[in-house]
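The chain below stands alone and is given as structure tokens, in the form predicted on its own.
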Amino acid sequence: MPSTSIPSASPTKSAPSKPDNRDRALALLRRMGARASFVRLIVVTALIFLTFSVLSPGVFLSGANFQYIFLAAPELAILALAISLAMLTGGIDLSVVAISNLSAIMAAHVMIGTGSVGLGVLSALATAGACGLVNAFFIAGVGVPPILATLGTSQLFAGLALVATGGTVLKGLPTSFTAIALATFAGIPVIFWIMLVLALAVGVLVAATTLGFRMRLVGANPRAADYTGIRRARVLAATYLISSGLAGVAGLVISARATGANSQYGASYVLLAIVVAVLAGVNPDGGYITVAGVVIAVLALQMLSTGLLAVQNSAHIVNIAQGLLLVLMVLLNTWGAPLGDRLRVLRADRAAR
């Protein structure tokens, strides 16, 4: 009789088995956002990649195309992260683009006047922080609904930006600042690395810090948050401050790429950033965010855009396709889970017969 080690009668005394590759993959998915919406996003992104790789391999798979994607993605991804953080708490921040423009304009004034990039960056972050305090005052202090508060402050910040520029584009930024947009590290634009670092920081914030836990709880169940003694006003104030800070960094990235600052840059980014958050599966009602999903959703939109332009040189087609993609993902996220549950019940019934 072959002798092997006898399993212990008590499961508490048995040595824990090593996780296999499947367990590791599931653990990684859980960290990135284990919801079915995240998996659907991965599938849709892969389909976009495969489709245009077949339709236009010479253009879509070229290094220049992916270099453009990595250059264009960071500003939208950072703005989407800013909006997603507000959505995590059950709110929204419609003022991120206005904050980014105003921050970039103030930085441009300082850099043009002093020639110091460091002072310009500090002035941008200070401007973004001041804007965040204004949002925090209305939302956390006065109790104005976030959508109304940030809609109003968006107009306020945009008006200030228009006055600060006189309706013109501020040029003459130091070359050491604008060169950041063209610099690369390991063949990838530096601004894309900056975006990844910020995404990692946001991921750590929401997943591994007390503030992140409170932000999720405030978004998922505000009443429960109150019962646990969490000061919602402080959490909301911190959220909109961080959101504004991210918008300020996005303004610097946009300004470096455009070699100037203007009150009208990125006018369409508010809606696109919301589209990205929805595609990523961020819960508009609060309580759930997937940082990896936000980054992947931005890359999916950029691949869709460059792929369509490679096949059909029309920006209107890109807008239509982005809208259809959003509708498709909303339908999948809305009906996908009930349909999956129904299929599982049918399979269980068949197995029981």
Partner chain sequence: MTTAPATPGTATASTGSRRRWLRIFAHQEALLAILIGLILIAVVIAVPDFWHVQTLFNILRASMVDLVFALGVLLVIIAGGIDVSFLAVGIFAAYLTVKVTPMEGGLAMAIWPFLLALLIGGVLGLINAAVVISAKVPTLIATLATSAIFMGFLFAVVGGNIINTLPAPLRLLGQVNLVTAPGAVRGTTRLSVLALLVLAVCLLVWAFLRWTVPGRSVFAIGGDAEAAARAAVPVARTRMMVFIIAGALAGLAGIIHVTLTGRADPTTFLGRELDVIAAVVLGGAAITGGKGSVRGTFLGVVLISLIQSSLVPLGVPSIWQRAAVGVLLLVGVVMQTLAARSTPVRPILDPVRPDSEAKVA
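Numbering follows the first chain given and starts at 1. These numbers come from a predicted model, not from an experiment.
Keep in mind that the form predicted in complex with the partner chain is missing from the display, and what follows is about it.
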Inset, instruction - Please state whether every one of the three residues 43, 49 and 69 places a non-hydrogen atom within 4.5 angstroms of the partner chain in the model of the complex. - result: no
Inset, instruction - With the partner chain left out of view, choose which of 309, 326, 39, 292 has a non-hydrogen atom within 4.5 angstroms of it in the model of the complex. - result: 326
Legend entry - Contact residue in the model of the complex, chosen from 195, 249, 173, 278 - any heavy atom within 4.5 Å of the partner chain: 278
Legend entry - Contact flag, residue 53 vs the partner chain in the model of the complex, heavy atom cut 4.5 Å: no
Inset, instruction - Examine residue 155 and determine whether its closest non-hydrogen atom to the partner chain in the model of the complex is within 4.5 angstroms. - result: yes
Inset, instruction - Give a yes/no on whether residue 167 approaches the partner chain to within 4.5 Å in the model of the complex, heavy atoms considered. - result: yes
Legend entry - Residue contact check: residue 330 to the partner chain in the model of the complex, 4.5 Å heavy atom: yes
Inset, instruction - Mind telling me which stretch in 140-148, 252-260, 69-77, 197-205 gets its heavy atoms within 4.5 Å of the partner chain in the model of the complex? - result: 140-148
Legend entry - Within 159-176, the residues that have a heavy atom no more than 4.5 Å from the partner chain in the model of the complex: 159, 160, 162, 163, 166, 167
